[in-house]
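Just the one chain here, laid out as C-alpha cells, in the form predicted alone.
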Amino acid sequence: MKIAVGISGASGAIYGIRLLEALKRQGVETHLVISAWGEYTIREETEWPLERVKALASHCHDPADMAAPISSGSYPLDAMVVCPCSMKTLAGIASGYSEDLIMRAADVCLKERRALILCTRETPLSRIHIENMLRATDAGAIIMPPMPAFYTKPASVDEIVEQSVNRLLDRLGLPADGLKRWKTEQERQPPR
C-alpha cells in the first residue's frame, strides 16, 4: 500500500507524526509532504526534530516540488491523509487550487477517485470553513477531524491521539489493533 501524508500548519502536528509511526510499523510505503507552516508547528508543538519526523516516511517531498511522483495521476497511490489539515489547505483542496504539493496530491486523489482523508483542525468554524468542507466532501474527500472519544476514558493526551490515529488506520482499511470500539451495555458485561 502507498499512502501520501500531508502535514499542514494547523495545530495538532502530533497526529500526523503518530500516523507516520503507525504506517511505518505496518510496512506501508509513505510519501510525506510537510508545508512550511507544518514545519513551524512541529517545532512549536512537539519535541520532534524535523529530520526525525521525515525519517519516519519512505519518501519525503518538498512542498514546492510539483514534479514529485504523487503530483501525477499515473503514480499508483492508494490514499492520502492530510493530518492536520489547516483551513487554508482545505480551501485550496475544495477549490481545486493546487498551490503546493499537498494540495496538488489531494487534487489528484479526488480526480482519480482515490481515498482522501482531511483531518481538519479549527474551532470555531466559520460558514466559509463549513462550505469548504461540504465542497471537499461533495468532491469525494472524507472530512475526519481528530475528535476525542471520551467513551474510551482516556487517561492522557497520548491516548486521545492514539485513538484518533487508530480511527484513521481503520478508515484506510489497515489493522487498527489499538482501536477501542463502542460497545453496547450487553457487550460490556462480563460473561457469566
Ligand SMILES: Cc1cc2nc3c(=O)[nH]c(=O)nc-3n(C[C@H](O)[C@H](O)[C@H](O)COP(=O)(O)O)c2cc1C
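All residue numbers are counted from 1 along the displayed sequence. Bear in mind that the values here come from a model prediction, so they are computed numbers and not experimental data.
The protein also exists as the form predicted in complex with the named molecule; that form is not presented, and the subsequent description refers to it.
In the predicted bound form, the named molecule lies within 4.5 Å of some heavy atom of residue 10. The named molecule is not shown here, but in the predicted bound form it comes within 4.5 Å of a heavy atom of residue 122.
The named molecule in the predicted bound form comes within 4.5 Å of no heavy atom belonging to residue 146. At the 4.5 Å threshold, heavy atoms of residue 77 stay clear of the named molecule in the predicted bound form, well away from it. The chain is drawn here without the named molecule; in the predicted bound form, the stretch among 24-32, 151-159, 37-45, 54-62 whose residues come within 4.5 Å of it by any heavy atom is 37-45. Along 79-113, these residues reach a heavy atom to within 4.5 Å of the named molecule in the predicted bound form: 86, 87, 88, 89, 100.
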